[in-house]
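Single chain ahead, by itself, as structure tokens, in the form predicted alone.
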């Protein structure tokens, strides 16, 4: 998708530092961090959100989960957040998970 910022990053049209990468996903630092460590885990395939997952692309989720496992080696205590739709805070309509470490963000929310 030409208008998707994450697709542009994945297709190397926008430069960024990739923190981790596997066959199906990349991880980058969030440009507006909400925690000392705030990494976005993004599938390379354009999937709008969690409700857009099907049997045909479920392998992408497995690779994203393995990336979480990899990141947890350096940050064993973390929050994993996925906003699913604009009414709950999804601003980029390309599935992504927020890996947040270094603070308990939920103590601030609840």
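Numbering follows the first chain given and starts at 1. It should be emphasised that the depicted structure is a prediction, and the values quoted were computed from it without experimental measurement.
Missing here is the form predicted in complex with guanosine-5'-monophosphate (5GP); even so, the following discussion is about that form.
- Under a 4.5 angstroms non-hydrogen atom cutoff, guanosine-5'-monophosphate (5GP) in the predicted bound form has residue 91 among its neighbouring residues.
- Among residues of the shown chain, residue 45 is not one whose heavy atoms approach guanosine-5'-monophosphate (5GP) to within 4.5 Å in the predicted bound form.
- Under a 4.5 angstroms non-hydrogen atom cutoff, guanosine-5'-monophosphate (5GP) in the predicted bound form lacks residue 26 among its neighbouring residues.
- Contact check for residue 83: a non-hydrogen atom falls within 4.5 Å of guanosine-5'-monophosphate (5GP) in the predicted bound form.
- For the candidate set 35, 64, 40, 71, a heavy atom within 4.5 Å of guanosine-5'-monophosphate (5GP) in the predicted bound form is found for exactly one residue, namely 40.
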